[in-house]
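Take a look at this single chain, the form predicted on its own, given in structure tokens.
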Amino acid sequence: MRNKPRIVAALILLLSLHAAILLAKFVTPYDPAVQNRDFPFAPPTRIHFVDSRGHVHLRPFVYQWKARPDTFNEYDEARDKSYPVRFFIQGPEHKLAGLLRSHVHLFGVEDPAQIFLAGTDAYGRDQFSRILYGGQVSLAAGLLATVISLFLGLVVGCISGFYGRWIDDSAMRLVELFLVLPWLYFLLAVRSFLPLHISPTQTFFLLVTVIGTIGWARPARLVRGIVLSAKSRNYVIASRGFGASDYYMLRRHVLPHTYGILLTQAALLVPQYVVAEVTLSFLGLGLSEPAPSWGNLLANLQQYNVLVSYWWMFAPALALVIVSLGYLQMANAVQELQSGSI
């Protein structure tokens, strides 16, 4: 592979981010809903190895933030006492990956110090914790919506390409209609007609269903082309002559040809659907507070003073960019594999 080192690096970064998001309760030191009103818009905590006297420490440490007198959201480090960063520290009980109960967190510091790797928001909530917890919502929405789109695209594409005639004509006219629709405006229009005041769980599954059922047209058209090519091959014609059923020919001889294109489409659709969820939540049509998602985290930037004063509030956008680039690199790798470049 020509770009193998770059793709491997992107995939490692993507897998690491997914693992951190999946194990957010273990990785993060604080609950994303816990407010600390003493530290609104606190900047990211600085990690030190050299103290104020010039002594080098092997273990990283932090200083506690202290609000400047007569100022608003401005802080200095209280350098009279340092707090070492400890790993595998005891903390609030949680379920590891939603299964195993545990009190162990990856890192933390002793009270009364706080460690905010990505700063805090207006309520003093830890942004690092909220980004990882919000990633669970945004990525899960993208993955589930992709499964829905690919399933619909596979069913419509296989039936259309295999049986042809009026079924093919009808299906392709519907595909063309969905392809020419401006999906973002259509998504906003559909969501605006749905109820707003529902629970976060209902909102999540509503978003997934709406997003997934809008994007099936392109996978369906690609699958149809693969099926049209596969069904005209000699071994498929021979199996039909031996009396094989349509189900057998689809399962044994036709569907395996679609797996590569489905994998490529999955790598392209996941970041697209994550962005769709982020867009809806950013505009107030998705998940709302207090449940975190990357969209409602970025919604804080709609306030001008937040936009120009607190740069760490852009951190969810960085996570979104990393995820998108990682999936695009994965799509490139699958395409190169299909074309025989590896």
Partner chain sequence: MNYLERRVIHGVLLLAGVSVLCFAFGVMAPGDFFDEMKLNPQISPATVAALRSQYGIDQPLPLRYGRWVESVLRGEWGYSFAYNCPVRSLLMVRAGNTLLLTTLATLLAWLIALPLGVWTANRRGRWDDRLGLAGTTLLLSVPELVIALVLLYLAVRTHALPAGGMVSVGFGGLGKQAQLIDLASHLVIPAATLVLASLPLLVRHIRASVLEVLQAPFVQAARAHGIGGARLLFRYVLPAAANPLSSLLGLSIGGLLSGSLLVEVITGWPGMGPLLLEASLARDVHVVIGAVMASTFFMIAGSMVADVLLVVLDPRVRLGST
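This one's a predicted model, so the numbers in the text were calculated from it and none came from an experiment. Residue numbers count along the first chain shown, from 1.
Another form exists, predicted together with the partner chain; not displayed. Remarks below refer to it.
Quick one: A140, F151 and E289 and the partner chain in the predicted complex, is every residue within 4.5 Å by at least one heavy atom? Judged in the predicted complex, none of A140, F151 and E289 sits within 4.5 Å of the partner chain.
Indicate whether the partner chain has at least one heavy atom within 4.5 Å of a heavy atom of G225 in the predicted complex. Residue-level check for G225: no, no contact with the partner chain.
Any non-hydrogen atom of Y185 within 4.5 angstroms of the partner chain in the predicted complex: Result yes; Y185 sits at the interface with the partner chain in the predicted complex.
Would A317 count as a contact of the partner chain in the predicted complex, using a 4.5 angstroms cut-off between non-hydrogen atoms? Although the partner chain is absent here, A317 would touch it in the predicted complex, with heavy atoms inside 4.5 Å.
Does the partner chain get within 4.5 angstroms of any non-hydrogen atom of T279 in the predicted complex? Within the cut-off, so yes.
Which residue, V62, L283, A67, V27, has a heavy atom that falls within 4.5 Å of the partner chain in the predicted complex? If I apply the 4.5 Å criterion carefully, the residue I get is L283.
Just to be sure I understand the contacts: of V50, L307, I47, A33, which is the one whose heavy atoms reach within 4.5 angstroms of the partner chain in the predicted complex? Only one option qualifies, and that one is L307.
Among 159-167, 83-91, 67-75, 173-181, which stretch has residues whose heavy atoms lie within 4.5 Å of the partner chain in the predicted complex? Going by heavy atoms within 4.5 Å, the stretch is 173-181.
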